[in-house]
Each structure stands twice: as C-alpha cells, then as structure tokens.
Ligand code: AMP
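As structure tokens, one chain now follows by itself in the form predicted alone.
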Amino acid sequence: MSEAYRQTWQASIDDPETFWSKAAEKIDWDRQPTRAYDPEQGWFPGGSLNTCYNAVDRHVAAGRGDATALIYDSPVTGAVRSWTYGELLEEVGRVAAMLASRGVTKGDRVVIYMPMVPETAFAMLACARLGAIHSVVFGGFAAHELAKRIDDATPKVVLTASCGIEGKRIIAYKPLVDDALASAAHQVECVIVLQRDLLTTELRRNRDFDWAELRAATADAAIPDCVPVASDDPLYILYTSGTTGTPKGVVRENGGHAVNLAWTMEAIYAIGPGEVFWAASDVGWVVGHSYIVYGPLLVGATTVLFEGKPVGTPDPGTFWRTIVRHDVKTFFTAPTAIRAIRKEDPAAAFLKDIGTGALQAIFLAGERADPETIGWAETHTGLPVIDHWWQTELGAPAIASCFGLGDKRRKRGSAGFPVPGYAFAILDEEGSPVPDGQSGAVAMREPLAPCAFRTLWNNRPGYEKNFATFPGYYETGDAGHFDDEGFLHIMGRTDDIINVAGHRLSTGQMEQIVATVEGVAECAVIGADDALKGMIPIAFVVARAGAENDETIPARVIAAVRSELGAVAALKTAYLVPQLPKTRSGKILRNVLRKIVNGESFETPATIEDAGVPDAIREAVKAKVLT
C-alpha cells in the first residue's frame, strides 16, 4: 500500500475540516471561506470565488499566458489547433461579451447544445465568468429530451451549432433546437448559432443570432470581469442521461467543485501545470465537464478536446496517434472504447506501430471495466490501466488507485480503493454492514466529499430519495463488495443482482467470465423473467474481428459460466449479435436487452448511439425462439 495514500485517506476521514481547508488553499478566493464544511451551508461556507478566473485568468496573471491550455484535435474534419492560456482568455472573454450583450447576468441559465468544438468549452467558461449557470445538453439528443431540459432549467439563451459529427454522420442540430423550442413551454429570449462549414443553417428572424456576426458586433466591447459567486452558488446543471419523466438535474456548486477537481488532478491523475491530460469523452457528460474543461485548466495543465471516435475516424489507431502527437501524460477513456479498439484490432497492430509516446497511465470509467479488457490494454501498452468509479452525482472519482499519491496497486475487476473524502459501506437490505467478500448495496457515509451534489434542480424530493433507504448514507444504486485486501469491487447496478430460484447472482460476475471466452469482444448479461425460477440469465455476445461467424461461441460462453459458477447460474441461452445497444457515452443499455427478451414494448432511448441495434437484436431473439 502507498503510505501516502493511506495517510491521506485517514486524514480526510479523521479530520475533514483540516484536510479540505488545506486543499482549498490551491484555489484563489475573492473572499476566504469561514470553514471547510457546514451541515446547512455545505462546503466552504462564506467563501466567494469565480471558477473561470481560477481556470484561466489566474494562470495568465501568474505569467503563464504563453503556456498551452487547450488542444483541439478533430480527425473527422482534419483540424488540429491549440490555444495558449492568453488566447483562451481572449476567446472566453469574447463569448462572455456576446452573452452579456444579450442580457445574460449572474444566476441566469444558458443551455449549451453543441458538438465537440472549442467554442463549447469557451461557452462553458464564459458562463462561469459571468456567474451564469450553464446546462450542457449532449449534442444530437432528441428534440423532446432537449425540450424537457429547457422547461426545467428555463434558460435565457440557447447556444447551438449548425451541426455535429458522429463518426461519419453529420447531424443537423438547428432543426432539433427548433422542434424543441416549438414544444417547450418555456420560451428563450434568443438562440445563438455557430455555423460550421460542413453544414450551414437558416436563422429565424428576431430570435436567432449568428455566432460569428455577434462576436464581430461585440469585438470592441471590454471583456467582462469575472463575477464573484458564493461557494454554494451553482456553476452548472447537468441532466443525467436517459432521464424520463421529471428531469434529474444534478446541481454542481462552484466552491466544492473547484477544490475537489484541483485536488484530484494531482492526487489521482498525477497532472500539474504544463502537463497534458486527455479525457476522451464528450462535454455533454460529467467526464467532459470535470476533466476536459474544468479539472485540467484549474491546475494549469493542457487539456485535449477530441472530436472523433475510437474506431472509424479513421481507424483503430486514432487514440494512440492522438496520444503521441500531443505528448499526453495521462489518458482517460471508457472501457467501451478500449473494447471497440480491441474488436477491430485484436493483435494491437496499430498500437505496436504507433506506440504510446509519453503516456504514463490509462484510466477507465463510465461502466465496469472487465478484467479481459484491462489485461489486453496492459499487455499491449505496457502501462498501468486503472479502472476507477464515480457518478454524475459525485462529479469526481470516489473509488480509484490514487496514481498521483504513488498508489499503483491494481486488481483486475476492482475499481480500487475509496478516494480520500469518501467513507464506503456495503450494506444488506436492513442497512447493516456485510462481511468482506459478500455482495450488498454500495453506500457512502454523509457528508459526501466536495464536488458531490447537494440538491437537484427544482427537485429536492428527488435528491432526498437518494438518502432515504439508509439514513446517514447516500445509496449509489450499485452493488458490490470489499475483498480481503480492501479492494472495492463494483459489480453493476443493484437491479443487476438477479434472483434465480432463490439464489442471488451477479450478472456482472457472469460478464466477467464471459469476457474471458476466446473470440468474445464484449458482452452483456441480463436477467429475464422466468415462470419457473423467477429470473434466468441471458447472455449477449459480440465477436472479435475475424470471429463473427464462429457459431461455437454461444455454447462455449454457456459452458464457461456453468464451469465457473456451477449449474446454479442457470445460463442456458447466449445470443451472438453484431452490436450491443449503447448510449453515445458508451454505456450498454441493459434495460433495453431485458425488455427485448421479456417481450416488453419500449421507447428507443434518446441517448442511444445506433437506433437500429435493438431491432436487430429483437430479430435474433425471435429467430432463436422459433428454432
């Protein structure tokens, strides 16, 4: 065990007041907090700051205006460009002036519905500069999903672009915005549209403004000053993906967010001023907020904003090429991305040819990283591949191996250890702790660390539900266990624990076994309704490149699970499918698979990456039932 990690975690639990007060010294405050935490006022009460100032201005003031702040790499357009901190200040200031000219002030909401372009980051930081609250909605979301978020956040302005690029597809954004505003009860005052060369759009008179024209019209205006906001004032609202019914808008507060992100950049990711960090996510998700836009900039590092996919833009070597081109030190992506690369390039030929340059570590998050995927990546890169765990609600990692504290312990299948600031418990249905090795509900003792949510926008009862099942604890919704070495294993959502004839079985554990079967690129195991046993497991498997026609894979999958877990596993059905249904952030939509095998109707989620996949799987299920 890293002694630095052990001492740091213990200090954060024994004396959080001192621990987080010291961490807050890394942030520039307009008014110093009176203390680190107050149960009523939250983190750093009495303090005021500006997040944009901390992420941009203060580095220029410290003489680092010529240091590279942002690199934009877009293999889908062929563009590669960088901005220094001085240039970033100018760009953010110009967008802030644009917004100010349209009446945006402190506390106003601004919805940002944009692709992975630099202007999206400029817009987020410009909102923070003005004290406005941004709500980034993943570009390409269906119009009715965007409308729900507009009605909940009630923005003054919507920022959008003429189009986005998903792989090789061009998606027109403006018609989606128009449809959303036509159906939304709340009417915005204006829409500002960034016209892209690939596809331009018509603007509506008296409501829509051209981004470039508005920027030119305000070019002589002074860059607005950074507006001080209270520590507990919202920086942004982020709606969790797949929301139905009442939107679940996670509110992120300025003070705790800045302190914790700056701390994690150093302690977890080992990134400091001038070093290059790349999170291969989208700014529409929490990873993009925390570790593309804010985290790296808060510590004066260089952040990479990538517009592309792990495969197909143009090939499975695009990640390694980007890492080498920009001297990336620490890389963060989703397990799905590595599985996609492995599926297309199982022998890692592109990786061997390109190399990994200055890269020191790869971090994975977004969904559980199966041991096979980690093993493939570690074998072929020769680098530590670190799974870690967190949620939109938390805003930053809660389970990890703290690489920056020298803790390099890893166990494939585990997300690591509790991050300083978090005290975990594995609880049974009565709320009592279970022994190590036994699965239960993963819960976290209050108070949660800085950066974690303290409310939902317009939905306090929805927030309080997260703490109702186990008083004094946040219920994560995940199931897992501690092992005898202290590693914490997250095995999947609580509803992925299935009851088979009275036996509680983890579908995550079964997936771990299935992933080891020769020829399997990725998989999902779900629980289907069964008249005799209550539930039975069903496996869906995607073959690696070259093994798509191997009809022995399903039988070998079933045999492997039964060999490892015994007949009690009751896995008798495995489907070989071309793709799994996934969100655009790479999460497998297991609930869709569950409804397909149960014969239930469902609406295709707005977050789905390929809307044709569920139909293809439904046909595969029907064909097997008929035969």
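Throughout, we count residues from 1 along the sequence that is shown. Note that the structure is a prediction, hence the values are computed from the model and not measured.
The protein also exists as the form predicted together with this ligand; that form is not presented, and the subsequent description refers to it.
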Picking from 269, 278, 389, 540, the single residue whose non-hydrogen atoms come within 4.5 angstroms of this ligand in the predicted bound form is 389
Which residue, 365, 192, 88, 226, has a heavy atom that falls within 4.5 Å of this ligand in the predicted bound form? 365
Using a 4.5 Å heavy atom cut-off, which stretch among 365-373, 418-426, 514-522, 401-409 contacts this ligand in the predicted bound form? 365-373
Looking in the predicted bound form, any heavy atom of residue 119 within 4.5 Å of this ligand? no
Taking this ligand as it sits in the predicted bound form, is residue 179 near enough to touch it, meaning that at least one heavy atom pair lies within 4.5 angstroms? no
Tell me, yes or no, whether residue 286 is in contact with this ligand in the predicted bound form, where a contact means a heavy atom of each within 4.5 Å. yes
So, in the predicted bound form, is residue 393 in contact with this ligand at a 4.5 angstroms heavy atom limit? yes
